[in-house]
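Single chain ahead, written as structure tokens, the form predicted on its own.
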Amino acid sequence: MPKPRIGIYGLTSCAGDQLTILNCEDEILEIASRVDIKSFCLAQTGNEETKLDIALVEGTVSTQKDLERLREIRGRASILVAMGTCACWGGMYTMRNDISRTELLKGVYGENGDKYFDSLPAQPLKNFVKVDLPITGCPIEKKWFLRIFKAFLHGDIIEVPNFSLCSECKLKENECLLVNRGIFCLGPITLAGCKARCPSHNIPCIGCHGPVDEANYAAEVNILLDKEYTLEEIKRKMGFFVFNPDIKQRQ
């Protein structure tokens, strides 16, 4: 039986998710022995752009080149995995989508900046192509990548957490940074899976695992308003999720 053919790619990103795969030091040789890695520019030369059983893509679509590349990869992959928060939800690249690309380019590159770069408002992969499986995280969690990878190889059902990070925080008996200390924390609406790593070190959750299903955004907003955060700040920080909520001042 032939080995599954895979490709690992990055669009506009920091390459952190690809590095997580390379950092699977104890498992990387076994991974390489179980699959036929056709393309992984960060790790190998002699890449082959061919039909794939699975393509793992990180990063946002932030340029026309990104969009063309994504559609080309989708066209030859049986399964496409959005790898990391940027690919799944847009991540930090989307937090300034309220500013026009023309204005941003001129601010960084001068008056003629918009003539030399094909910048687009940053968006997640699912806004353009079918995504078969998301692996969220900033970067992805090594344990979840390995678990999902093994499930794929064995043909098992892939199960991931579907509860909020607050549950993991409570299991660790952490003091609530949001309610008790008034710190801007997105734990109540963020997907679990990191074992509350940041709040366990008194660092508030910024939502890097993306939103939990059926997140109660209204309750989160009301708590933050009670803590005297402004609507503008709430909208900007929740922009990490790219759901663009209709947040309004309470009557």
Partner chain sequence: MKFLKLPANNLPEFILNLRKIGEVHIPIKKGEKSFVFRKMNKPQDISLMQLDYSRTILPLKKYFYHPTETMFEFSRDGFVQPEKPPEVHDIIFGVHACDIHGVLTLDLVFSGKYRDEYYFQRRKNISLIGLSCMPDEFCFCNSMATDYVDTGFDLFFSEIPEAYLVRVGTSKGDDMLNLSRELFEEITHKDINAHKDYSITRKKAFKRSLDIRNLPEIMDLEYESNLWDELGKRCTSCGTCSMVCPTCYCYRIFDDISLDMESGRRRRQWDCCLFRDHAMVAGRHNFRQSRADRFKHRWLHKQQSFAGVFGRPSCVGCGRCIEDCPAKIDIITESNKIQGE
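Positions refer to the first chain, counted from 1. Just so we're on the same page, rigid core means the largest C-alpha set that superposes within 1.5 Å between forms. Please read these numbers as outputs of a predicted model, since none were measured by experiment.
As for the form predicted together with the partner chain, it is not shown, yet the points below apply to it.
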Given that the partner chain is left out here, which of Lys106, Lys126, Arg74, Arg147 has a heavy atom within 4.5 Å of it in the model of the complex?
Arg147
Only one of Lys130, Lys172, Arg96, Lys115 gets a heavy atom within 4.5 Å of the partner chain in the model of the complex. Which one?
Lys172
Can you check whether Glu159 is within 4.5 Å of the partner chain in the model of the complex, heavy atom basis?
yes
The partner chain contact in the model of the complex: Ile54, any heavy atom under 4.5 Å:
no
Spell out, yes or no, whether the shortest heavy atom distance between Asn216 and the partner chain in the model of the complex is within 4.5 Å.
yes
Cys166: heavy atom within 4.5 Å of the partner chain in the model of the complex?
yes
Looking in the model of the complex, is the partner chain within 4.5 angstroms of a heavy atom from every one of Val179, Pro188 and Asp226?
yes
Using a 4.5 Å heavy atom cut-off, which stretch among 75-83, 148-156, 118-126, 96-104 contacts the partner chain in the model of the complex?
148-156
Contact check, 68-93 vs the partner chain in the model of the complex, heavy atom within 4.5 Å, ordered by sequence, gives none
Quick one: once the rigid core is lined up, does Asp226 have its C-alpha move by 2 Å or more between this form and the one not shown?
yes
